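Consider the single chain below, provided in C-alpha cells and representing the form predicted on its own.
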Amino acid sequence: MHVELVNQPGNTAAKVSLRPGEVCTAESGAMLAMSSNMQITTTTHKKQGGSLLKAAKRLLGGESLFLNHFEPQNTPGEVWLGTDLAGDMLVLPLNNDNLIVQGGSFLACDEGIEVDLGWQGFKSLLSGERIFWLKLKGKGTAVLSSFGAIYPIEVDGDYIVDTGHIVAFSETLQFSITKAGMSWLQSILGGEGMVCKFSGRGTVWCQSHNESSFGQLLGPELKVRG
C-alpha cells in the first residue's frame, strides 16, 4: 500500500495505490474516487469478519459504524480518500508500535493494523472532548487526518497540550487530564479549560484548529431553515 498526499496542507486528499492482494481499510464515506477494478467489502470490523462489539466501541470513539475494505482485482488499482473538514493528513508507518488516536482523526490503514478502543478517564468528561480514543496496533501504514495543519511535538519529560488539538500520540507517553492554569478560576477565565499533561518520551501530533470551537463559533451564525 502506497499513499501519496496531494493539495497539502489546507485541502489534503490521499491517493492510495494498491497491488493485487493488498487491502486498504478506510472510514465509511471517505472514498472520493477509485479505479474501476476496485472491489469494496463493507464490514463492522476486519475484512474477513464483522464484530458488533468492535463496531459499537468505534462509535463511542467518534468513528463510523462501518469500515470499507478496498482491494484491486487482477491488476493494480487506486482509491482516493478525503475528509469532511478541511485540513491536512499524516502517513505514519507502524512497526508493531502502538498509537493512540483522537476520535475522528483515523482515516485509513492497511490490513496489518488492528483498530481498537482506549478509555481516557472520567476527567475527560469535563474537558468537553471525546472520552474514548482509538488504539492502532500492528505493522503497516496508517493515515490520519486533522482539522487545519498537523505538526509533531517531541516530548522528553513533561508537556501540556490542549485536549481539542490532539490528533495522536505514542503509547509510550503517560498522560493525565488537568487544569491549564494555577487555579480553576484562571483556567476558566483564560479560556483554556482542561488540558492534557503528557510525561515520558514519545511524540504528540497536534492540529492547528479545534473542531469543537469552530462549531461553537459557526453555529449561532447559521440560519434556521423554515
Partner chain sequence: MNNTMIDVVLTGELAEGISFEQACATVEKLFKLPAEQARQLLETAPRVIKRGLDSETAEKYRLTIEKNGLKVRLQGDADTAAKSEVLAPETAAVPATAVTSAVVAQAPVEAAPAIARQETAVSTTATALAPAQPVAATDFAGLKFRIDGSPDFGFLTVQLPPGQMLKVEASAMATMDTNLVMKTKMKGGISRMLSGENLFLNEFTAENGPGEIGIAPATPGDLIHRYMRGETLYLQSGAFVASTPGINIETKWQGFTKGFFSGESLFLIRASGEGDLWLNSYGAIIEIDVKDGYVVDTGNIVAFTEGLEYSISKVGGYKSLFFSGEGFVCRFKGEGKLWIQTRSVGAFAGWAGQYRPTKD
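Numbering follows the first chain given and starts at 1. All of these numbers come straight from a predicted model, not from anything done at the bench.
There is another form of this protein, the form predicted together with its partner chain, and it is not shown here; the text below is about that form.
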L85: touches its partner chain in the predicted complex, heavy atom cutoff 4.5 angstroms | yes
Would you check, heavy atoms only and a 4.5 Å threshold, whether G29 touches its partner chain in the predicted complex?
-> yes
Is there any non-hydrogen atom of V161 lying within 4.5 Å of its partner chain in the predicted complex?
-> no
Does E78 reach its partner chain in the predicted complex, with heavy atoms at most 4.5 Å apart?
-> yes
If contact means any heavy atom within 4.5 Å, which of 85-93, 149-157, 135-143, 98-106 contacts its partner chain in the predicted complex?
-> 85-93
Taking T42, N68 and G215 together, does each of them reach its partner chain in the predicted complex with some heavy atom inside 4.5 Å?
-> yes
If we check its partner chain in the predicted complex, which of the residues in 3-34 reach within 4.5 angstroms of it by a non-hydrogen atom?
-> E4, V6, N7, Q8, P9, G10, N11, T12, A13, S28, G29, A30, M31, L32, A33, M34
